[in-house]
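Presented below, as structure tokens, is a lone chain in the form predicted alone.
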């Protein structure tokens, strides 16, 4: 048996080398993009975290503002953020917790914030108004009702979660 030596030509050698180097460079460029796309799926989310806000006995039929703090993580930066809610009991004695963030431009609404419109939430930015139940007054700048906080009651304490748009709460 005669063994023939396989010779690699200069052209084949350069072709193999450039293909290998190009593939390595392409993999190096694609890896961060794939990681960027997949990373949010792999992260654990702190969904459903509720914070104690108030005792149920403190809540009346008149909206009251309650503030609490949460730990917020933005990339590598951790901070304490203060959140607020307007909380009251409706005529059925159910607790309603509304977000104070106006749906028009994100300003903060206040209860009876305007002398011209008593018993309404008022946004001073562009005279936005909401009824007591958080529904926007027709023909005013807000185009949607105030968000509603998820809430639960345990041992006489009100716990608030995330604010959701009216249809999702």
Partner chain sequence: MKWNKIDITRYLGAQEYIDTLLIPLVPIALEDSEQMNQVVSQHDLIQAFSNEVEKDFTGRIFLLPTYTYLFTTDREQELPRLNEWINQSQHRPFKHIFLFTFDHHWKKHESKLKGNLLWFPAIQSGDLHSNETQKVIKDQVKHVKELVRSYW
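For clarity, every value in this text was computed on a predicted model and none was experimentally measured. Residue numbers count along the first chain shown, from 1.
Form predicted together with the partner chain: not shown, discussed below.
Chemist: Quick check on this chain: which one of 70, 125, 137, 144 has a heavy atom within 4.5 Å of the partner chain in the predicted bound form?
Modeler: Flagged contact: 125.
Chemist: Please name which of the stretches 24-32, 108-116, 55-63, 129-137 has residues with heavy atoms lying within 4.5 Å of the partner chain in the predicted bound form.
Modeler: Careful reading of the contacts points to 108-116.
Chemist: Against the partner chain in the predicted bound form, would residue 82 count as a contact residue? Criterion: heavy atoms within 4.5 Å.
Modeler: Residue 82: contacts the partner chain in the predicted bound form.
Chemist: Along 129-157, which positions have a non-hydrogen atom within 4.5 Å of the partner chain in the predicted bound form?
Modeler: Counting only heavy atoms within 4.5 Å of the partner chain in the predicted bound form, no residue of 129-157 makes contact.
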